[in-house]
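The chain below stands alone and is given as structure tokens, in the form predicted on its own.
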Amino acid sequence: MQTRHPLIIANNFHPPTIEALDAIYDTVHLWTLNEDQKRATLASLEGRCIAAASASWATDPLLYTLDSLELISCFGVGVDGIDFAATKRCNIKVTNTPSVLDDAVADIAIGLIIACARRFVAADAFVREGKWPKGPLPLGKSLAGKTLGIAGLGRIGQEVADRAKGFKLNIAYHNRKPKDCDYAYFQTLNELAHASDIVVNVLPGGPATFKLFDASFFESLGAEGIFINVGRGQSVDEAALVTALQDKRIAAAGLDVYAQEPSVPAELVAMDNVVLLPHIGSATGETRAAMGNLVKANLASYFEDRTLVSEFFAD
């Protein structure tokens, strides 16, 4: 009978994927153990266990104490939960699940753009609360001919752009470097904001983007501007966003991510020009299954011949 490889599962990131991994490997559910049990278990796995599976947005730092660990296979595309100083020091490879969630996240971005511009959530409440017979809902904004600024024209950003063109939006973007495309490029976020009617953030998380969307950005976006965030909540100075909305320095915001999830500032909850989603960018059955399949594929490939399907290389 073939020996099952030991595999650490750091956290409860996606139960169906974990169930599938349990069927293939000799798994340890690290998140179910207390601190002493974790340390004892990791000590017992030393020299035998070379791989772990984890959420990409968070992991257990005790993983880095396992000297024999060679791979962390992450579920998710944003890997800001991984300590790359530690993985580099310990020579641990990291994989994530890119591409398979691009469509789902781009769909959410477009949905938030439409919901904010046409005031869908406020309009729904307007009908449900019996206000329609008393007079019409205040007018929304048309999308055709407006400029959509995309902060981060990577795979997801390009999918957003492809969809946005169907709504007759003009496309502009900001990256660290310009890309070979026909869209207008802006070197700074504030320049992008000044040129755009709507800005969508699809930048990755991490120190380089921490509170990058600040008061000066919202001032540049202007009183008619709409801000959409499907990237990372930590990229936004939430206090500055709240102030910009309260003082009508921007018109509206559509958010799928927040700085301290699942906590959402009460000020944002109270405003009817803000559309709030509970971080559901990749939350379709098809997408989560595809993400899980990629986690499994990376592990299988590494155990077979030490190759990887989607290795993540930190800058």
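All residue numbers refer to positions in the sequence shown, first residue = 1. Keep in mind that what you see is a predicted model, and the values were worked out from it rather than measured.
One more form of this protein, predicted together with a small molecule, exists but is not displayed; see below.
The shortest heavy atom separation between Leu101 and the small molecule in the predicted complex is within 4.5 Å. Although the partner is absent here, Val230 is a contact residue: one of its heavy atoms lies within 4.5 angstroms of the small molecule in the predicted complex. Taking the partner from the other structure, the small molecule in the predicted complex has no heavy atom within 4.5 Å of any heavy atom of His29. Contact between His279 and the small molecule in the predicted complex is found at the 4.5 Å heavy atom cutoff. Three-residue candidate spot Ile50, Ile72 and Thr95; no residue lies within 4.5 angstroms of the small molecule in the predicted complex by any non-hydrogen atom. None of Val236, Val202, Leu192, Cys116 but one reaches within 4.5 angstroms of the small molecule in the predicted complex through a heavy atom, and that residue is Val202. Note on contacts: among Ala208, Ala86, Ala215, Ala184, the single residue with a heavy atom within 4.5 Å of the small molecule in the predicted complex is Ala208. Contact with the small molecule in the predicted complex, judged as any non-hydrogen atom within 4.5 angstroms, is confined among 240-248, 86-94, 216-224, 169-177 to 169-177.
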